[in-house]
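Okay, so here's just one chain, in structure tokens, the form predicted on its own.
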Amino acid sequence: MLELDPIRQYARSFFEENSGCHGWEHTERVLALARRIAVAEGADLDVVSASALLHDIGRREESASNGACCHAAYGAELAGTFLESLAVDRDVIQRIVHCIAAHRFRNSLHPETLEARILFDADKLDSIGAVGIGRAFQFAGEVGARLHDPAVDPATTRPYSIHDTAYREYLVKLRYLKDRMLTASGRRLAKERSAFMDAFFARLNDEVAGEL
């Protein structure tokens, strides 16, 4: 059995200066979701838990490089080195590293194991539903975007700009996440969360137009 306390302490050290939408609170929510799905799907709880705790430790480097560094690949490298220092079994390290490397939405590396698919789903689930809406608005505020633009055209607007609203993120990515789930539990949870999100943005458009 893996000792999760040192893994948690190590992972949290990467978030001391990051309180944004990818901050430590996101990691804690992903951990809770991943463990819930792991129990339902019969996965290795140790591998899932360690992967969830470590999955975003490369975020700081990705942000510092303006996206040039892939946080999934870099985080997997960091995690592997750290787990080796704890004398974790080599096979377990490889399984955890794969989960981390394959969890990114915009990634050509496909989650090959049940544990990797669970981490992928848990991470995406935190981007939809009520929490996902909150995170989308938080990120929009971080980049200085407008509150809302019902006429936004994703094809002619740029991310990290005044046009990068929560609604734009919904149009570009969030509404499609339910179709990307890789586990039965993930699909069930995503369906409910996505329906709530669809209703929210429909109402937001109506309220902004003065129709409600």
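Residue indices: 1-based, along the sequence shown. This structure is a prediction, so every number in the text was calculated from the model and none was measured.
One more form of this protein should be noted, the form predicted together with another copy of the chain, which is absent from this view; the next part is about it.
Quiz item: Does residue 131 make contact with another copy of the chain in the predicted bound form, using a 4.5 Å heavy atom cut-off?
Solution: Yes, residue 131 sits close enough to another copy of the chain in the predicted bound form that at least one of its heavy atoms falls within 4.5 Å.
Practice problem: Answer for residue 77 alone: is it within 4.5 Å of another copy of the chain in the predicted bound form, judged on heavy atom distances? | Solution: Contact check for residue 77: no, nothing within 4.5 Å of another copy of the chain in the predicted bound form.
Quiz item: Does the 4.5 Å heavy atom contact test between residue 138 and another copy of the chain in the predicted bound form come out positive?
Solution: Residue 138 belongs to the contact set for another copy of the chain.
Quiz item: Would residue 10 count as a contact of another copy of the chain in the predicted bound form, using a 4.5 angstroms cut-off between non-hydrogen atoms?
Solution: It does not: once another copy of the chain is placed as it appears in the predicted bound form, residue 10 has no heavy atom within 4.5 Å of it.
Quiz prompt | Proximity to another copy of the chain in the predicted bound form (heavy atom, within 4.5 Å), stretch among 24-32, 151-159, 172-180, 47-55 | solution = Contact-bearing stretch, as computed: 24-32.
Exercise. Counting non-hydrogen atoms within 4.5 angstroms of another copy of the chain in the predicted bound form, say which of 68, 39, 184, 147 makes the cut.
Key: Among 68, 39, 184, 147, a heavy atom within 4.5 Å of another copy of the chain in the predicted bound form occurs only for 147.
Exercise. Could you list the residues in 185-212 that come within 4.5 Å of another copy of the chain in the predicted bound form, counting only heavy atoms and keeping sequence order?
Key: 189, 192, 193, 196, 200, 203, 204, 207, 208, 209, 210, 211, 212, in sequence order.
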